[in-house]
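So this first bit is one chain, no partners, the form predicted alone, shown in structure tokens.
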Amino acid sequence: MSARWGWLAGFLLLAGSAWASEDNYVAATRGRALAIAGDCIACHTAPGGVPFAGGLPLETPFGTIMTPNLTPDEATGIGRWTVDDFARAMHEGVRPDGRQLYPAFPYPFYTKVARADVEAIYAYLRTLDPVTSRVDRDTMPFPFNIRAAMSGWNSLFFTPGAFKPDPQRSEEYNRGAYLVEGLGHCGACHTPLNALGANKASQPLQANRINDWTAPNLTNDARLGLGSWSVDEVVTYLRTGRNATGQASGPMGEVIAHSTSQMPVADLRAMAIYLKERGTAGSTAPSPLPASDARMRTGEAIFIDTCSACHTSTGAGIANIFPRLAKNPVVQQDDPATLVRVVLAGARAVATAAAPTAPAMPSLGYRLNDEQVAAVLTYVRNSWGNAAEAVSSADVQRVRKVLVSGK
């Protein structure tokens, strides 16, 4: 080859490398945004650990699962995984060695994620600094440590397949559906589970208990769900961690901090539209307890003495500072676990770039006994237009025991 043509070949080779590098940059940048939408960092980062290096214990009804290292370390991470290996894990719940993953990794949702988006996430993870982080991946007790049993679970509860948009719906609605049902895997927390740890398909997004927090109803139900919230109020909550009704703390606070507060507003709006339009759970409100009930009288006295300074005597709260309790869907959830936990241990609202001040609820468990906590919550759940089952002292005792023991 002449020098002239050799120079041209070299130029084309360099140009091709630059083009490939640019393509990788674009893919990794898009993958970072998709990883944020999937909230990958929340589960794959141990307390005080390096982001994405794994080691976070996930409590399940069947035992504790330690999350794996997603950095490109070849010995302890996914450095030796190919993009096909990664796609198989996301879409089928299978590791490169052929062993089944547990659905604590939400592949029943990630199976809906488009292959191009999976490849972009993989490209982003490959840009992370490799971190040596050995994680014990076999912590489940017998017989749940037999991963081969997951084949039977999958045959019963897992339907692989890409997301299919509804041609009768808007592009915005379908974008929201793709995010909620796929990468966002909202149903992993907000849908109740059956005895085998699978989401109840007949009750999508109709509330669930996660580590003694109530992941509330996300249907358009007027009393328990998002029916009383406008699309803009849902967007504000996801973007800032609060709105006129409530504030996010606990697990949802982490989701907002690591994920939704960093997502494009257009995506948040699409999610809100999908959730608002997808239907209601059709719950039937119970009759509120009468004010003459002994529990209500006791609860009212405690509320006026302890709670009304912030939440006001009418339960109206202070917008964006102290949550409104009147007609608040979280207050009326069938499961009062979040309310009990917040009264006993206190809570701090998530701080976000859009709302950096994080109001706090003080712990009251040190001075209110189980019966008093039950009474004040029963009063709150049945006042100012609220209606819900009474809270029992046994409900409070169980959560207090978990908080004290950590188990």
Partner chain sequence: MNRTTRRQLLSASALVALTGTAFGRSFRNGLPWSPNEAYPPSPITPRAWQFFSPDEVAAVDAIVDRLIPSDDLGAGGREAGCTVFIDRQLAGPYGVHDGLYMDGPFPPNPLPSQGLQSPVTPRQQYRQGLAALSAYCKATYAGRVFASLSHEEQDALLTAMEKGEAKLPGYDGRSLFAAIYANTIEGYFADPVYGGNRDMVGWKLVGFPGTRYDYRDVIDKPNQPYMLPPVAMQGRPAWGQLP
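Positions refer to the first chain, counted from 1. All of these numbers come straight from a predicted model, not from anything done at the bench.
FYI, the form predicted together with its partner chain isn't displayed, but the following is about it.
Handout entry: Heavy atom of L368 within 4.5 Å of its partner chain in the model of the complex
Key = Yes, contact at 4.5 Å.
Practice task
Indicate whether D305 is a 4.5 Å heavy atom neighbour of its partner chain in the model of the complex.
Solution key: Within the cut-off, so yes.
Exercise for the section: Indicate whether its partner chain has at least one heavy atom within 4.5 Å of a heavy atom of L58 in the model of the complex. Expected result: So L58 does not count as contacting its partner chain.
Exercise for the section: State yes or no: in the model of the complex, is some non-hydrogen atom of A195 no more than 4.5 angstroms from a non-hydrogen atom of its partner chain? Expected result: No, A195 stays farther than 4.5 Å from its partner chain in the model of the complex.
Handout entry: Candidate spot A301, I318 and Q372, all three touching its partner chain in the model of the complex (heavy atom, 4.5 Å)
Key = Contact check passed for all of A301, I318 and Q372.
Problem - Stretch in contact, per heavy atom within 4.5 angstroms of its partner chain in the model of the complex, of 30 to 38, 43 to 51, 347 to 355, 62 to 70 - result: Going by heavy atoms within 4.5 Å, the stretch is 347 to 355.
Problem - Heavy atom within 4.5 Å of its partner chain in the model of the complex - the one residue of N145, T132, S313, S228 that qualifies - result: It is S313.
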